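One chain comes next, on its own, written out as structure tokens in the form predicted alone.
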């Protein structure tokens, strides 16, 4: 596995690591549905530190751990005030004495990195403003599940160059697929993230035209235009990105068997229409379920099970 005891970003993985996690995630999903999961994490405990609220992240990690026989408990920011009431380094040292693994959902990537540096148990980045690696690994698993492979496919991401987009850029440097980002002017991805991925062999295109991006696409992916903490810029973002909506007209230029993905929560009628998210091409809710299975694979790998 990767030469770290933590999972902070897809950039830390090798292509073989991604493939191994995806394969195990698919195996765990089969066992889950056949009610054949083994209690491989019996006696293990996980702390779930949340500085941002969540539906899928909390439930997928908690039920993922419980389903493997372990115990997970929720710690809100109100309880610890990470970095304010108590230094991150001190919290990491203390929590490590109580549990076997930690997942953290927070704002700055530096907070996760610092926590991992001082923790003596594995740390999983469950989301920061910069990256959302568990989400994209679950997305990749979904593509393997629906398409058989990701190699050679055209994956199109429309919308904001956010943490999900950044993790897709990292993934493109690990796996052999074409990534096209359709963005609004002024909302391009960070040069350093794109440059690093291209240096490692990623095939990435950036365009402002959604129809050009979506032409012959195998996968169309979108996310909200207004993320948590950006409500003050909502109207500006909606106006800038309005042309990037995933709708039936856009799907007409994609391949006939295109799949549509969204990490949720969705702002229906903004970045995606009801007809698409509820339509025959949507795999959005399979994708949401797969968060639990891929995270089980990550936890088992980190804990050596």
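On a predicted model such as this, the values are computed, not experimentally measured, just so you know. Residue numbers count along the first chain shown, from 1.
The following text describes the form predicted together with a small molecule, which does not appear among the structures shown.
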Completion exercise
Answer key, the small molecule contact in the model of the complex at 4.5 Å (heavy atoms) among 269, 69, 279, 53: the residue is 53
Fill in the blank from the handout: Answer key, the small molecule contact in the model of the complex at 4.5 Å (heavy atoms) among 166, 135, 173, 142: the residue is 135
Handout entry: Stretch from 34-42, 243-251, 256-264, 271-279 whose residues place a heavy atom within 4.5 Å of the small molecule in the model of the complex
Key = 256-264
Handout entry: Partner contact for residue 291 in the model of the complex: the small molecule, 4.5 angstroms, heavy atom
Key = yes
